[in-house]
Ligand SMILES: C[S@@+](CC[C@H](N)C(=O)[O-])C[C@H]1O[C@@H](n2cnc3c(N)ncnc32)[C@H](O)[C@@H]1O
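Shown next as structure tokens: one chain only, the form predicted on its own.
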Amino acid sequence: MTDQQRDPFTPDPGARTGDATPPSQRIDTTVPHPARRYDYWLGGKDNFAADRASGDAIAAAYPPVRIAAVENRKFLRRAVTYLVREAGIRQFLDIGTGIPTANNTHEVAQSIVPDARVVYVDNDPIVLVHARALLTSSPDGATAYIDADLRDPEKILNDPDLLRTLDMSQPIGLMLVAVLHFIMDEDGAHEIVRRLVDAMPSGSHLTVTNGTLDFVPPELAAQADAISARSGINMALRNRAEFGRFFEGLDLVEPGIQPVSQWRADDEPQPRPSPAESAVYAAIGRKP
């Protein structure tokens, strides 16, 4: 994604399971897509009129949305830096990649340890084209891209490219940044995360961000369903307790659950955006 194509309203989790349609034939520029809309909010060029119209409609209702997108991206950089430097993580499974830009997961990780290995997962055909062209590893490390859906964790976990690239017996950084709010509770969001975490060894880390209404004005929160409907995409904007369920059985890394603009952000330019301006929760948990 750009300062990664992840937003509080980002990329859809992946190509629908079993969709064998070539990526070039799955692109519909008349329908807004979260990854392309996020690209628009960040000033990118990989978007179309429908994405811009959708982005403008959301920004009209919630003007700080562009701030939220940028802050979510900055968190990704800080999270990967923490995982590599302090947690000793050397391999990542990044689901919900989005359109590549600067400071993608492998770029941040490999700038610190050149032999870091990263598997990206997304379902948007435009993301697929860009990722295979641009997500190139350092000579010492490795990257792979899987065209798959977060809703099908078994397909992801058993993909040959994942198994060739990552050592599933060693700790992994599972990155679910601004993607879970596209999976509703009734569609098994928490169960999907549990299945992925269960497949990973002790010492692995789960990184999640998720949009929330906890900090926004009540009048805006009351309009959330209508805003979501105008965007054409359902969103699970979770409160703190709902967000915290993703980390059950894990040890939260300090400072725990925080607004995305506040998580270990002391070295970011001050003053930081308020929680209401970012409206996204962030946390990292370690598997004992």
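Quick caveat: nothing in here was measured; it's all calculated off a predicted structure. All residue numbers refer to positions in the sequence shown, first residue = 1.
Note that the form predicted in complex with this ligand isn't included here; everything after this is about it.
The shortest heavy atom separation between D149 and this ligand in the predicted complex is within 4.5 Å. Interface membership of A79, defined by any non-hydrogen atom within 4.5 Å of this ligand in the predicted complex, is ruled out. Although the partner is absent here, G173 is not a contact residue: none of its heavy atoms lies within 4.5 angstroms of this ligand in the predicted complex. Heavy atoms of A68 never reach within 4.5 Å of this ligand in the predicted complex, leaving it off the interface.
The candidate site formed by Y38, T97 and N123 is fully in contact with this ligand in the predicted complex, as each residue has a non-hydrogen atom within 4.5 angstroms of it. Listed stretches are 30-38, 56-64, 254-262, 43-51; the contact stretch with this ligand in the predicted complex is 30-38, by a heavy atom cutoff of 4.5 Å. Of the listed positions (A189, A116, V179, L83), a single one reaches within 4.5 angstroms of this ligand by any non-hydrogen atom in the predicted complex, namely V179.
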